[in-house]
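Shown next as structure tokens: one chain only, the form predicted alone.
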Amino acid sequence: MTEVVLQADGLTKRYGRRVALADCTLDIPPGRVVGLVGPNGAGKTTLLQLAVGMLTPTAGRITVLGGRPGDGPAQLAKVGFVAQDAPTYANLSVKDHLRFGARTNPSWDQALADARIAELGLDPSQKAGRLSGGQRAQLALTMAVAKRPELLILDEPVASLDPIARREFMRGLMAHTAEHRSSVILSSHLVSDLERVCDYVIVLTDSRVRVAGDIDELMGSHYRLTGARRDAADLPAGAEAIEHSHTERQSTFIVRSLVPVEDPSLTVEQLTLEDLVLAYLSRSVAAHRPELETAR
């Protein structure tokens, strides 16, 4: 097994003066279900399109499963990709899609594709243009997993789906990853979707990676501290303030600390994944406030 599924070093993508991704450095281990989370425009799609070879870097480098993204049929066969709009061909039937997949993918698993279509209750003769949004997303996922890829990349595949269709899609993804133990990178701005399936998370804001790692390790090193009003400089040694808020008498901090926080004057609480992600997103917003105030 490849030691690193995706490795990026100083990866940067620019469009003229606009920076879509800046100085991205990552080492994603194999066998993980990775949640890539951030607001719209953060650079998530850019990173994933670089990973599948749809874009080329402006600077830095990226390797996927030990090779250059999109570099020939063998490399393409290793990666399954579902884009944000779950692309299907409106005039082709479900069965036509599976035939196309079988002709274009040397490791195509017809039994897996047929089993998923039957389980989903899709009519093989139905044209994709007549399917619901949720059914098209499921068909796109079937096309991706039936390739038997080593890495499955999903770019906000449920963003446009209603809650029921989104739940069914995520359920199908969980079943696939549990059975086949594929590596998965799933982009979303919905943390609730990621909590159910992911064991590794990357937070991306303003075109930069803010934090990345095993969810259990991150949850074990981030805390909410509450106590009498104080400055961040007065926090216990080793505690890095990620987010803070103050009232007249009380301060609340989200901190990262590699050692347990022991201070009897502070109430120490564990975070949810949503708490952790929102703290890093808020930190990014706060960093831009002085610029916004100046602009006004």
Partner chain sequence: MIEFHLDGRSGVAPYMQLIQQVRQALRLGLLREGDRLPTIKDVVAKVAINPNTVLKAYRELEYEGLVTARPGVGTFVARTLNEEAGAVEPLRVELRAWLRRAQAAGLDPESIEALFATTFRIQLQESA
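Residue numbers count along the first chain shown, from 1. This structure is a prediction, so every number in the text was calculated from the model and none was measured.
One more form of this protein, predicted in complex with the partner chain, exists but is not displayed; see below.
Among residues of the shown chain, Leu225 is not one whose heavy atoms approach the partner chain to within 4.5 Å in the predicted complex. In the predicted complex, Gln75 stays away from the partner chain, with no heavy atom inside 4.5 Å. Put simply, Ser93 is far from the partner chain in the predicted complex: not one heavy atom of it is within 4.5 Å. The partner chain in the predicted complex comes within 4.5 Å of no heavy atom belonging to Ile254. Here is the short version: of Ala118, Ala102, Ala178, Leu190, the single residue with a heavy atom within 4.5 Å of the partner chain in the predicted complex is Ala178. When you look in the predicted complex, the only residue of Leu122, Val197, Leu112, Leu161 with a non-hydrogen atom within 4.5 Å of the partner chain is Val197. Annotated contact segment (heavy atom within 4.5 Å of the partner chain in the predicted complex): 163-171, selected among 143-151, 76-84, 104-112, 163-171.
Residues of 53-74 placing a heavy atom within 4.5 Å of the partner chain in the predicted complex: none.
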